[in-house]
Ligand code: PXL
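Take a look at this one chain, the form predicted alone, written out in structure tokens.
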């Protein structure tokens, strides 16, 4: 198999086991040459920490692209995570359309909301811009809240399969893309991932752990992207990523001092073994 090169675009939270501090090691462990474009640098992530530092790197993005174009650099895949503004989304579109190899794959995690609410600092216009980025993607990885915002669907905490089907169809109305819908739960003690590809859907149900961890969405997206670029199909990649997240949570939940992230490093061997 060819040695693949992926570019991941998202912020760096220096401490907190999320965003690029998760994506870079996980993708690298999957055997993918991983290049990064930081959208911002934070001293910690924003979930539970106060007084954190923040440096916006939006203005650096076009200059970085110009240098890559000058050097004739290119990528086999793109994976985007948390983006801080509509301006960054516009830059990401230009980057993906400028320095991609033939047959490159564009994977977008529209990280902007959860639990029925947008993250602080985002509004409906940002959600619309993120929806336009999703329309240019080959694969998107929204949770249910993000899917509702992108499609302008009323969010429901309790739902049935018909509701999920309607979300999947609305997400693919503007472009033919694969949807990996996360956090889909039809039963109290289980959750799962719905994979919708070429009009067909497959559901993977797994154990639901009551206590979650910060950064598990980033862990899932990174493991999915790494698996997919290693040649696994979308459904298999989603299964591998979901199982890995469960392993990470189980490794973490009994350590009360480690409240700020998931211990993904001790169980990286399990992910590597699944890809071997």
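This structure is a prediction, so every number in the text was calculated from the model and none was measured. Positions refer to the first chain, counted from 1.
Not pictured, yet referred to below: the form predicted in complex with the ligand.
With the ligand omitted here, the record of contacts in the model of the complex names 41 to 49 of 61 to 69, 41 to 49, 236 to 244, 26 to 34, defined by a heavy atom within 4.5 Å. Here is the short version: of 75, 91, 82, 196, the single residue with a heavy atom within 4.5 Å of the ligand in the model of the complex is 82. Using a 4.5 Å cutoff between non-hydrogen atoms, residue 19 counts as a contact of the ligand in the model of the complex. When contacts are judged by a 4.5 Å heavy atom cut-off, residue 119 counts as touching the ligand in the model of the complex. In sequence order, 214, 215 are the residues of 183 to 217 having a heavy atom within 4.5 Å of the ligand in the model of the complex; the partner itself is omitted from this view.
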